[in-house]
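The chain below stands alone, shown as structure tokens; this is the form predicted on its own.
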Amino acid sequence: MPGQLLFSSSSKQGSSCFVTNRSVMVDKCVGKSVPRKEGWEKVTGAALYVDDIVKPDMLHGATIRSTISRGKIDRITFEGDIPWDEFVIVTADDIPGENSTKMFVGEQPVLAKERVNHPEEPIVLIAHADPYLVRKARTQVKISYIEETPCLSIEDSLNKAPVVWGEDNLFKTIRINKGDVDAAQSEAEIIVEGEYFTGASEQLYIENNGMIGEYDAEEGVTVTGSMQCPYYVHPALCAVFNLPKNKVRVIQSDTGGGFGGKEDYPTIIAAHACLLAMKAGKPVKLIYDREEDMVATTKRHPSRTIIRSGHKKDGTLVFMDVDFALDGGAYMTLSPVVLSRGSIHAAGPYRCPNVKILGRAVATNYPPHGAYRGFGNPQSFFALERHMEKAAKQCGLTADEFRRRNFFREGDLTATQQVVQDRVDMRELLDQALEAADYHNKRERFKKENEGNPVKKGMGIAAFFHGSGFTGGGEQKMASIAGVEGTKDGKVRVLAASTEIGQGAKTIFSQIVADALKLPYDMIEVARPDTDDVPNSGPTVASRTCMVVGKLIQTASLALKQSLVQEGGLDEDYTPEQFAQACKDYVARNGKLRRYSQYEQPANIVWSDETYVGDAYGAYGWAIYVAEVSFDTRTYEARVNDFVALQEVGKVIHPIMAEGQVQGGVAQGIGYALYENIVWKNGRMMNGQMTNYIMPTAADLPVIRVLFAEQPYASGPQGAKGVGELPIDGPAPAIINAIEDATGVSVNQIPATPEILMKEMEAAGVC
């Protein structure tokens, strides 16, 4: 693999960044596992999460929600032995501006007024100084409805039974065409067809959603809380309260995880807290408990994918025809983005001259589905990699050989007709992953051991890729800005809206700036995301934080250094002490020393949002995953015994955190594949507790062996691409492929719980 370095997660390149000779040089930080910037506060308890924050005279709020899937609001009554005159009560009539939470269109109301379109839709808000009385009171708000027939499946939605959205229930339709699939039908010697399903799943971040809202007639609204995207919340609050930008302030508190679940939904909670604060004239804290967070907020989109592929007898792909459908729930929210990502990647890392992809996000009467790590790709790659397994069998090839014959090569065209320019050899990655997993030897051994053994073992492969950053011209439209500041104390402060949600953003930003300025790591600070202080560097999503925002910070750092050099206060060959003194002197003379950088799209990225033709992403991460699974024919339980995860991510900034990102993604993928089943009844989630929403614990996980390959990307900081989203795309198909290898039974839906596996195995006559 030209120019690539392959190393394992155990190959830690140093544990800290330190000055070897303070008057001569500073060791580089990038590529080393330096101490995490936020680590001390978190392990000592000094970090303040939103529920730790207390404001003077603060009230506690709660949300009263719908209990039906679809219908009209008939009457709201306040009952019971409750001192309602002491309560602050807010309905849609109290909203001073727009009753909508805007993402793509303003179709989702802040508070339902006349009708509801899903269970758990917010209708009434209440607040009181006594949080225990609030809990009691919320059970005494009674709402009666005129119920209507709901739409509760993708098929019903496509058949318009009933119409939930627009004229056809379609939030978004995407068509991708390459070559001529219809004409290519006659060239195919083998045709393979399959249908694949994935269920909804919960992000299950450690910290529940929560916000504190404040209102002042002169100053406007201020909200502090747990979130991923302060600049998503900010414009929405401007619209809800009919206020100019300078009258709305959004501050991120320490945040305990997000995984996409705190991308768009915090806007609703922020609006609710601020509406209560406006009416009360006091700060209001609105914190969800675990059950409310699980049943009311967004999930991963369920999907149904139909694939028809044509092949030569040697397995070579001739055409691929993919019908990819997502259940968007009752409101659009982020469905267009999720559909776009999944559709673009639906043909996978495989060379195919003729591709047709139809992507549709449909409306139903479930609570809205939204972003969850990988957003669209875990759904489409589950379908594709299960289909590749089926195609390999029908072509008489092993799973690895079939993929090897069809992998992209440099210069090939993707489904969107983007030229593959990454110098990544997927065949070599495949060989390395299979060797690390001892794939071939284990398969042969398992075939013998499985005979007469109630516990069957198998090996499974998944190959995939994931675009880093926003799709096409998305980054150009966002026009993100990030900066750095030389402080009066002689340190450098990073200015970005990118949030620290456990992924290590503060640390990698500090590493990038330290290396750009040749300073010690301890001289770098990171500002808390606050819309009154930091510029809009875009949302913390889509594996863009390091690659896109990190590059902006790197560029801004060089501009700051150049300003100090041009001022005459700093020589090109400076020590950290001299740099610090130059910052102090500049601030004393001129005031703030801040330099910013704005995103400029690389010239080689050309994209059409109308035709979905062109360069979908500036860079891709590439991966091969190998799972070893055992299946107990007596209990119908599947267990992952070993897992090898090999990925190419450009440049590894922090080895330990990168390893953690991959291990976390694989762990979530194992849950997605085998355990995490949402039980729905009339559109409501019935198992919204951690006692009955089954997720894998440490006892259920194998050793996850992480391997990296590096092929630096010119437009990323020191060559880095994204690493956050990629790891969750491949575990589920690798695991289900391994179950098929063990049992010979094809399972085409997840989560593959024991109940599902029992049904499939008994139908196949295996158990």
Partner chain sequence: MSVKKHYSFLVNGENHTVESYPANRLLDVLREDLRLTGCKEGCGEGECGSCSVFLDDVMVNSCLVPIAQVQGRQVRTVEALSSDPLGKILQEKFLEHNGAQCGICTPGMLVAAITLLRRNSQPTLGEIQDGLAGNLCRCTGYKKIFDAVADAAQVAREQGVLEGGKA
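Here the structure is a predicted model, which is why all the values come from computation and not from measurement. Positions refer to the first chain, counted from 1.
Another form, the form predicted in complex with its partner chain, is not on view; read the next lines as being about it.
- The candidate spot formed by 36, 204 and 657 is fully in contact with its partner chain in the predicted complex: every one of the three has a heavy atom within 4.5 Å.
- Taking the partner from elsewhere, residue 336 is found to have every heavy atom lying beyond 4.5 Å of its partner chain in the predicted complex.
- Though the partner is left out of this view, residue 259 does reach within 4.5 Å of its partner chain in the predicted complex, counting heavy atoms only.
- Using a 4.5 angstroms limit between non-hydrogen atoms, residue 84 is distant from its partner chain in the predicted complex.
- By the criterion of a heavy atom within 4.5 Å, residue 290 is counted among the residues contacting its partner chain in the predicted complex.
- When you look in the predicted complex, the only residue of 169, 253, 661, 543 with a non-hydrogen atom within 4.5 Å of its partner chain is 661.
- Proximity to its partner chain in the predicted complex, taken as a non-hydrogen atom within 4.5 angstroms, holds for one residue of 464, 631, 372, 617, which is 372.
- Of the stretches 412-420, 495-503, 187-195, 380-388, only 495-503 has residues with a heavy atom within 4.5 Å of its partner chain in the predicted complex.
- With contact defined as any non-hydrogen atom lying within 4.5 angstroms of its partner chain in the predicted complex, the contacting residues in 37-51 are 38, 39, 40, 42, 43, 44, 45, 47, 48, 49, 51, given in sequence order.
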